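Encoded as structure tokens, the following chain is the form predicted on its own, with no partner shown.
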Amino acid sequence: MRAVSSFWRKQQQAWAFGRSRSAAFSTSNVKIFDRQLKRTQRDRAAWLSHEHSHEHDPLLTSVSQNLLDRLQDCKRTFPAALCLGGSLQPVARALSSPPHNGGVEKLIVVDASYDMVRACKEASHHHAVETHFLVGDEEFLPIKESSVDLVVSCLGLHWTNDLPGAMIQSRLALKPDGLFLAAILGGETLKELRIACTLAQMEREGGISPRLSPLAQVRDAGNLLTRAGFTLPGVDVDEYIVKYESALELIEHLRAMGETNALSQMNHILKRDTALATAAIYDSMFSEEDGTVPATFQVIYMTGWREHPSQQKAKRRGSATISFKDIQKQFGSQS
């Protein structure tokens, strides 16, 4: 049993600060996700990862590496970095390992789960940079404005009720010309499980209820960056196909990642018959020749910068000195 410590009292003050700060730019009062349930799930994920040695999950590690590879394309360094939730440990490990960490000298690690922060802290004895650990919610970010050069969120923001508001808070935490890197799960994620679960519910219950989280579409990502006020927005997408021995192994992996459903209006009790039917339909419809079943994870990568006078800017509309028709004629005459 965990005792309430002075650490928690400090966190309550930080959360209060974050809530008052976020009220000014919250864009929605809709509560899609149960954030307390999500914290509980991430507490469980921290325990499962430690218990079953999943600290180096191949999927989470690959997504984190692909996200942080974008730092190698930047000609500047990022002395102060903020790491938010989601795939916390792989990102923290990478940002704490010079020389390919973007020049990070100070790292702040934030997660809504006390146990996840503690697990990350216990694994931090190899960190080569100054590292601080903080319990805080992405929806009420307890970080000073203009205090960091880099914000990284890997597979965490898709669980926020107000995604634009959370991204705005990240932008405000950045110094001018600071970089925002984020990876979120896209709408094609777990499409096989969605199909199997829908068919099982219709067969066993005569109707369907939401069992999987709604996720953003690729076309929405650019609008999210612009709406949050980032400049030079960039979006790209990747798909990861992970093979499992069975559908039940996939569910266990989702629990270990903290990616199980947290919808506020969800009926939390899934009937045993429906769960078994879902697994049977999944295995029947999607099993491959080697006996494994695939699961699709669509990851949307987002890049944005806080505005700075040195950044490139679009020319004023109508200021062009040559038309597309002239360009077409020029290239047409050369062919």
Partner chain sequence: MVRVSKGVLQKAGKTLCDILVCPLSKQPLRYCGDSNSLISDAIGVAFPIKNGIPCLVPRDGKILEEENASKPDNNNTNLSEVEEQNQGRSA
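For clarity, every value in this text was computed on a predicted model and none was experimentally measured. Numbering follows the first chain given and starts at 1.
Not pictured, yet referred to below: the form predicted in complex with the partner chain.
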So which of 180-188, 94-102, 107-115, 231-239 is the stretch with heavy atoms within 4.5 Å of the partner chain in the predicted bound form?
107-115
Identify, from the list Ala196, Leu155, Val135, Leu163, the residue with a heavy atom within 4.5 Å of the partner chain in the predicted bound form.
Val135
State the residue from Ser246, Thr77, Ser147, Thr226 whose non-hydrogen atoms include one within 4.5 Å of the partner chain in the predicted bound form.
Ser147
Contact flag, Lys121 vs the partner chain in the predicted bound form, heavy atom cut 4.5 Å
yes
Please determine whether Ile143 contacts the partner chain in the predicted bound form, using a 4.5 Å cut-off between heavy atoms.
yes
Touches the partner chain in the predicted bound form: Glu130 (any heavy atom, 4.5 Å):
yes
Can you tell me whether Gln36 touches the partner chain? I mean in the predicted bound form, with a 4.5 angstroms heavy atom cut-off.
yes
Would you give me the residues of 160-189 that have any heavy atom within 4.5 Å of the partner chain in the predicted bound form, in order from first to last?
Gln169
